[in-house]
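Here you get one chain, nothing else, as structure tokens; it is the form predicted on its own.
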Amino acid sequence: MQIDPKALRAAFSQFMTGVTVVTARSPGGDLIGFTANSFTSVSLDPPLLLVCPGRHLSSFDAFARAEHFAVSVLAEGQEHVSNLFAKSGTDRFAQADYDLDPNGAALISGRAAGFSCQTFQRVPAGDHMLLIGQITGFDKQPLPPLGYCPDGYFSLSKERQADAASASRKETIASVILRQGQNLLLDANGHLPSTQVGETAGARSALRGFLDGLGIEAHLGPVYSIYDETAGLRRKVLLGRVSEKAPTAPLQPHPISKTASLRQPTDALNVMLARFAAEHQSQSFGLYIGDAQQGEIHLLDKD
């Protein structure tokens, strides 16, 4: 059987994970690091964990020779840290806050948990290496961890908080701010794509089914707004995106810079779109929780 690597990667990504940053020192003493969701606890006695650096990493040889390394489990709100250490060709550590563990490896500040390790075993495995570390020290903070799934980052505690805030509401409308490049994709009336959420379905799965029915392949990201429009109606809005060359009909593209002139069915949606247009300029987004008149915005960092 011929295995399609791209399809296999997509199948692997169906497994929801946390997000970590793995760090060490190069033979010359420089700090090195990369973002990884291939992190696994292995043993309690002795205390072991496993990460899998890929051979495509510029720092692969250094990790293959490192005698010590550290793993930081990122917390909600640290999407920007994950994105930073996933990039190449940039001085990651100049843009990140961190502490040094006793072995000189970096542990990201604001982490949900951190592990200092001595290399226990190295196992070559195809285009990756199984790097098993014996834990020499660890810490845990009372912070919710950052999650990752095929639709991008997610923050379970914030979404649960938002759901709990209006759990008694019987009817929910799910909408999506769906981007394609610098455009928003709106329906024929210039409104956000929206669908009613059934009693047994979540807003994310309802939107997924709705968009699939339109023939639109979209990546749904974090929740952007959740609020009570009326005493009996809740609105939940997600961020989403469509790849540049993907077909979008029957949805129509509208420049994000002009969305303020597009009237939505409610004033609350108009205010929300104006907020999105402003936040799009800085690429710093927030989760709104409240009602149609007032609420709180919780920073989501980079989208």
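All residue numbers refer to positions in the sequence shown, first residue = 1. If you're wondering where the values come from, they're calculated on a predicted model, not measured in any experiment.
Separately, the form predicted in complex with a small molecule exists; it is not shown, and the next lines address it.
Stretch-level contact check against the small molecule in the model of the complex with heavy atoms at 4.5 Å: of 116-124, 203-211, 88-96, 224-232, the positive one is 88-96. Scanning H191, H128, H80, H219 against the small molecule in the model of the complex with a 4.5 Å heavy atom cut-off leaves one residue, H128. Taking a 4.5 Å heavy atom cutoff to the small molecule in the model of the complex, the contact residue among A62, L273, A36, L31 is A36. Looking at L269, you'd find every heavy atom of it more than 4.5 angstroms from the small molecule in the model of the complex. None of the heavy atoms of S261 is located within 4.5 Å of the small molecule in the model of the complex.
Although the partner is absent here, V19 is a contact residue: one of its heavy atoms lies within 4.5 angstroms of the small molecule in the model of the complex. Proximity of S58 to the small molecule in the model of the complex: non-hydrogen atoms within 4.5 Å are present.
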